[in-house]
Ligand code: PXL
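One chain follows as structure tokens, the form predicted alone.
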Amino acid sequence: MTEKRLLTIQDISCVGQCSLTVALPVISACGVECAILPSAVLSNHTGGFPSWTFRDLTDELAKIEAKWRELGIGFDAFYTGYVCQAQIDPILSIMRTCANPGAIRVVDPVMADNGKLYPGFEADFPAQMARLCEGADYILPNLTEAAFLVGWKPVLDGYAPDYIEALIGKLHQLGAKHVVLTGVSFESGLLGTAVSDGESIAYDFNPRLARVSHGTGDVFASVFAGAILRGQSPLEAAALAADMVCASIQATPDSHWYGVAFEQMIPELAQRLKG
């Protein structure tokens, strides 16, 4: 196996099993070297905790890029998660100047869910996130994020396959080479992913689980990025990522409200990617 080095750029919540505290161990478990660039540091994530600390690291991005360029450090892949508007241009610069030949870009446009933007994002933020999606090899939006990216009002249920196909077509018009659309459901008992290369769309579904947990999107995106670098096809990587999310949820006790016990699925992940 040829060694690959992936750089993931997103915030780090010191407690809470999300963002970088998920990406680093999961991608490492895939057998891929994982470098990190924290966009911000939080004491804990913002979902369900009554308070938190926050340190913005935007000013550090250009300094780190300059040092990497001086040292000749490059990356075979980039995976972005939760970032703010002021960080889009610095991230695009890092992707240009620190890319090894053939480097791929995986963009998880973390900004919205359940029909609404996350707190702190203004109405014009999706247009800025669309700039990060332009030219990306893979984008991984949920239904809400996908709609905002293309300027549509989110539709979360009652849609037919032609809606998903039209939405994916619009996402490709942003310049994304592959679209991996999560949260797709055509019947109540199944939830899955639509994977498109711009020519055809394939679907992967799992039984819908009743529990909704923080950090599952980070598990999905991290497994997907690692599996892609291990040579899996986009559909194979998406299916593996969904299986690992389901396994993580099922391994999490009800009292564990702030995330999922993704650590429990790491041995299975490593075994399925062995070879």
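Numbering starts at 1 and follows the sequence shown. A quick note: this is a predicted structure, and the numbers were derived from the prediction, not measured.
The discussion below concerns the form predicted in complex with the named molecule, not included here.
S.K.: Of the listed stretches (245-253, 27-35, 58-66, 213-221), which one has a non-hydrogen atom within 4.5 Å of the named molecule in the predicted bound form?
M.R.: Going by heavy atoms within 4.5 Å, the stretch is 213-221.
S.K.: Heavy atom within 4.5 Å of the named molecule in the predicted bound form: which of Leu181, Leu171, Ala77, Val110 fits that? Just give me the one.
M.R.: Residue within 4.5 Å of the partner: Val110.
S.K.: Does any heavy atom of Gly47 come within 4.5 Å of a heavy atom of the named molecule in the predicted bound form?
M.R.: Close contact exists here: in the predicted bound form, Gly47 approaches the named molecule to within 4.5 Å, heavy atoms only.
S.K.: Would you check, heavy atoms only and a 4.5 Å threshold, whether Tyr82 touches the named molecule in the predicted bound form?
M.R.: It does: once the named molecule is placed as it appears in the predicted bound form, Tyr82 has a heavy atom within 4.5 Å of it.
S.K.: Examine Leu42 and determine whether its closest non-hydrogen atom to the named molecule in the predicted bound form is within 4.5 angstroms.
M.R.: It does: once the named molecule is placed as it appears in the predicted bound form, Leu42 has a heavy atom within 4.5 Å of it.
S.K.: Against the named molecule in the predicted bound form, would Tyr163 count as a contact residue? Criterion: heavy atoms within 4.5 Å.
M.R.: No, Tyr163 sits far enough from the named molecule in the predicted bound form that none of its heavy atoms falls within 4.5 Å.
S.K.: Using a 4.5 Å cut-off on heavy atoms, which residues of 4-23 contact the named molecule in the predicted bound form?
M.R.: Result: Asp11, Ser13, Cys18, Ser19.
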